[in-house]
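Given as structure tokens, the chain that follows is alone and in the form predicted alone.
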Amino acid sequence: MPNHLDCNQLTFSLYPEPEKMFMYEQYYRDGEWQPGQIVPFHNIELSPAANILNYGQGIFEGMKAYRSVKGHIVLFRPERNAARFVRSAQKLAMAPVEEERFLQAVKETVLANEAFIPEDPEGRCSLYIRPVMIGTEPLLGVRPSKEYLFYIFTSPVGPYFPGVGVVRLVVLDVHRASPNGTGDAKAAANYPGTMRPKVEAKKQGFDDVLYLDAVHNFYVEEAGAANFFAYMKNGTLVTPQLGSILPGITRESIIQLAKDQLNIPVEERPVSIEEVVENAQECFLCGTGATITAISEIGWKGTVHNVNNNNFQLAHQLFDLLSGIQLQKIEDPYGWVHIVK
């Protein structure tokens, strides 16, 4: 690890000297993917008429590589990211990257940047991995690109939400996604619409926005870049059902851990903001970036509601289970952890 890389100083941001790192790149031209390769991190040259710049045809994934307590470099459920990358590509009419090629490219990129994987037995710091695919064909007129660039870059990162790992959210009169749209794809175009609301949330003293559904403006969906869970007073863990939200891999893992390891019933269903503020004893966010981040308060209709009457106990339990498996501290009964060799 570079001697100037201090895990305690890392934030969730791009490494300040990316040119010292390596990236993967592969082009799709003439109806097929060309051979890919590991190259030094560099700028990408695009036509001003490139599809991604004018019509936003772009997708990405978020993954992490850890140094486990056993000394291995490990990935967490990378095959799920590969499958989601294919689904996102298909939803945006892009040429999908074969799952095995995706996984091999990720491993090659991680090994090329092995020196930048932080050593952190708590799992707060990691090497963040960003696979991306963009439409590169110069064109006018709305249609799918015939040329694509698939690339992967990495960066050592710290926690997504800095500080004590507890956030305050606010409900604003804005929506992230609509039914039958692209909300369930990891499309680059889904994210610009969350930037202004997040700025407004911070002006009001909150950390991020909790988005409601676009039809009824009443049912919780997710935060700007994380899935949502509420632990109800009746002992049931509730999370919004899939549809217009992102099918998070951490979300999927938490559902299984809660059921199998903690014997907690889990419901994937519509959950109203009213039900959350009245009946939740604990709420938290989850995602590759956020991992598991507790929610202390939710602002809604001018009132700030306390949604922590359980001292974040379940969030801590699930974090310990999840990070324990990711870092090989405890047994992995599901085969989720992949050692990179």
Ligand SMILES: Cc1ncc(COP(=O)(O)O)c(C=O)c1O
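These figures come from a predicted structure and were not determined experimentally. From 1 onward, residues are counted along the sequence shown.
Missing here is the form predicted together with this ligand; even so, the following discussion is about that form.
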TODO: Among 249 to 257, 200 to 208, 85 to 93, 265 to 273, mark the stretch whose residues have heavy atoms within 4.5 Å of this ligand in the model of the complex.
DONE: 249 to 257
Task: this ligand contact in the model of the complex: Thr288, any heavy atom under 4.5 Å - done: yes
Task: this ligand contact in the model of the complex: Asp213, any heavy atom under 4.5 Å - done: no
Task: Gly181: touches this ligand in the model of the complex, heavy atom cutoff 4.5 angstroms - done: no
Open item on the list: Given that this ligand is not shown alongside this chain, does Ala225 nevertheless sit within 4.5 Å of it in the model of the complex, heavy atom to heavy atom?
Closed with: yes
- [ ] Could you list which residues of 183 to 214 come within 4.5 Å of this ligand in the model of the complex, counting heavy atoms only?
- [x] Lys186, Tyr191
